[in-house]
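Same protein, same chain, two forms; see structure 1 and structure 2 below, as structure tokens.
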Structure 1
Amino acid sequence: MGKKKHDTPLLDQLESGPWPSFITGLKRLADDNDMMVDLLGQLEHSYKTRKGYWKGGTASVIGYGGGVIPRFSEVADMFPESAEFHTLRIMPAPAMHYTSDILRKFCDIWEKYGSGLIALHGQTGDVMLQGCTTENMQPCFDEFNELGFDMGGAGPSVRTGMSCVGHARCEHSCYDTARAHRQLLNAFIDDLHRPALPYKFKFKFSGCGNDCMNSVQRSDMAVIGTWRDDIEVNQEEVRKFVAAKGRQYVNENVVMRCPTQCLSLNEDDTLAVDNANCVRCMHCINVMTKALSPGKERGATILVGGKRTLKIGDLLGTVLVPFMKLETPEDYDALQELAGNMIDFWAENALEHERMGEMIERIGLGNFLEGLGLEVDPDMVAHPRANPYVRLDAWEEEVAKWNARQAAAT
């Protein structure tokens, strides 16, 4: 018979509303796990006193500097079964591909060594195994490692990457997200397992401008699929779409919602696209999936410096490389080299507890580009100019230089 459950009147109230409650799940786990019984007791105690009682510390598995989030209870005398409630971060496969058999094995191992509480997935992308004792960490990880899974990142390190499903199931994907994800994470695995950087560094890989990984907002290096030729248009499918939905629907939901007004519906129910003004937002392609698709010359845009609030508020990624082909092994090696140069420069020049975007904000994008040996490009825009006064001195000479660089690149 398990441990007697604590009275939890405050937690019970969280189950009384119209929405599903996490408390219900915790109570179900507590039926067979004494650790969860005391976890609920401690949580109720925190609600009563309006104070948290978890503290950090040091806990890891052999050979790894990170990957475990240590949690020790300050009220362990009251709730001894949850005195230690560590979280193990396990890296998922690129694009989060699992078989049902693997997921069942995950659950079996975690029920054997931990609380049974799993989060799929954390903000960084890891499988979060929440609630493990120090004693059980090593045997638990050993069994996950035998399945082919590795420990995720924690602390001031390269963190676990995230990638969308990409080529595996999405027709919009402009490069192989899983390949890029795997190559970069393998290349920087030492920086992931042995924290020695100013703060955390995140890779995220999205196959198209829909950015299903929210990489612009959440990653220090975002790789977003794009194309640099014209949108592919199947006019016969356009006509079928117009016939099914009506011209008014197409005008209101496709044409008028284009952010740069580069679409127009012709009299014969075909679609005209002003590709020079297209910003690859994906809206028209998402609505008219059979009729429109990304262009044939596909690759990725590299952005740098996205993050949530820390020292200077939220930052969206700034364009670093407007377009990079990602087709051949050499292309992916070039992406890896760029990532390595970025991490090295950041490691040498960032302040302690300073993310990539905050360092760039402090030293200036020009100095960052000079450190990486990259040419300045007009597409490297963090936000539109607020000052309408632009100097035109030597403008023609600069345009000539720009055209010459573009000609040399192509």
Structure 2
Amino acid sequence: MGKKKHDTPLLDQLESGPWPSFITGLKRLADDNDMMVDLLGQLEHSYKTRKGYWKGGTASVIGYGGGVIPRFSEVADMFPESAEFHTLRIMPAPAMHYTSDILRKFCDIWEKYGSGLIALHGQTGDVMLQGCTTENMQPCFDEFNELGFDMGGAGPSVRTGMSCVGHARCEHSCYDTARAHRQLLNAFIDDLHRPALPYKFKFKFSGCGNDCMNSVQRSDMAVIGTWRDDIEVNQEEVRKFVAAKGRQYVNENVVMRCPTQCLSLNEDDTLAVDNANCVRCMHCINVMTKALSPGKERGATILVGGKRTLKIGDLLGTVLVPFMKLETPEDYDALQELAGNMIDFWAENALEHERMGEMIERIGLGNFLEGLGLEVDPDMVAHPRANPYVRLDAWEEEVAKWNARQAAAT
């Protein structure tokens, strides 16, 4: 300990200003940690040359294939103490709840084995313990593991999940996101720890259409809360809201903003909702939190295939199951089963390095549905096809299926 710090004139400029400075934190760590001294040196070097100096490699803990992001420095000759600077990804509890006690324990273990630098959190929701030597990785992980925490995902595997605060605090929450999150992640824990899938697979859970987890775009399987019956309206609270804000405000900010124009403000300052046309967008409920709430028959819409850029451009998830009830344990088991079927089908049919969304784009949603044994539904499309490039040999069979379903439904 006590290695002399490098000059960091560029990084030092990131210490001023009102926002908390990560550089100040790194420097504080460097006071007592030589690895951080050289890490700061390398980072300053990056800032000066505008280049990165880490390369990958291999590093792992016993029993697991993933969860560690190994980093070896390309400029270790200049900065030897941070020659190895691996990250351990640790899965937090759903919605990232902590006691101060558990956080302190994190700090203590990590101070012992690592750099002392923790990201709360990575974009996939992991606790990222950054800056570990190969040697310290195993004992460090062992202590976290004993504390009740497990390694997160990395590589071609199921990844760490994310869920919104949901039932814990949010009145909009239409299903138990924490429960779904934990049940599903832990059901596929083997696929998480032992990367053997075509590519990565992410779950995200949002309790309502506000999608605070960005699941539509950042997960292969997005579970987004919704309801099937009517919006709950407390007309007394509507009246109070109108009294407080004025009719014009309500018309301009609620009624006229409904995407399907299914609201109207009655003469008596109550609200009429054309529930058959409501698309569960959440807007009116967001504005009038006291007066409006999601209906009572709650569950989720399942979207599939969201991801970022590689290799065909960003994809938004698309509807796979318009509505799935999520109340009983059996409902949650059904969700898990669906996820399992999806992963199995994808594992069998995807090309190497092909995400779920890309595979669906390649094989067509129809084939994917068929593979999963799911029923086709107009809710899955923005609009039907605009081109005639389709084989219709099996038209009659498909019509028969639809008709049978309709008959069964009535």
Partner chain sequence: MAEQPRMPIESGTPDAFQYMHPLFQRNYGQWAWHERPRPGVLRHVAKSGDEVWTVRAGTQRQMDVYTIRKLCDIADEYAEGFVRFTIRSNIEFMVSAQDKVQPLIDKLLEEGFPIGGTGNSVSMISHTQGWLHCDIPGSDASGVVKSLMDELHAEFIREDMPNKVKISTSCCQINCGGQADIAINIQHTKPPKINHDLVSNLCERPSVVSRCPAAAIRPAMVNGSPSLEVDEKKCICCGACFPPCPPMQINDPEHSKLAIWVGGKNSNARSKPSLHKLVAAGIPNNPPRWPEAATIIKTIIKTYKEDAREWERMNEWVERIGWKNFFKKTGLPFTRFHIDDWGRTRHTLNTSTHIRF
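Just so it is clear, the model here is predicted, and its values are computed rather than measured. Take the two forms, superpose them, and find the largest set of C-alpha atoms that agree within 1.5 Å; that set is the rigid core. Residue numbering: sequential along structure 1, first residue numbered 1.
Asker: The form predicted in complex with the partner chain: 1 or 2?
Answerer: That would be structure 2, which is the form predicted in complex with the partner chain.
Asker: Does the C-alpha of residue 48 move 2 Å or more between the two structures once the rigid core is lined up?
Answerer: Yes, residue 48 moves 2 Å or more.
Asker: So, with the core fitted, how far does residue 398 move at its Cα between the two structures, in angstrom?
Answerer: That residue's C-alpha is offset by 8.5 Å.
Asker: May I ask for the C-alpha shift of residue 23 between the two structures, in Å, based on superposition of the rigid core?
Answerer: For residue 23, the alpha-carbon shift amounts to 2.6 Å.
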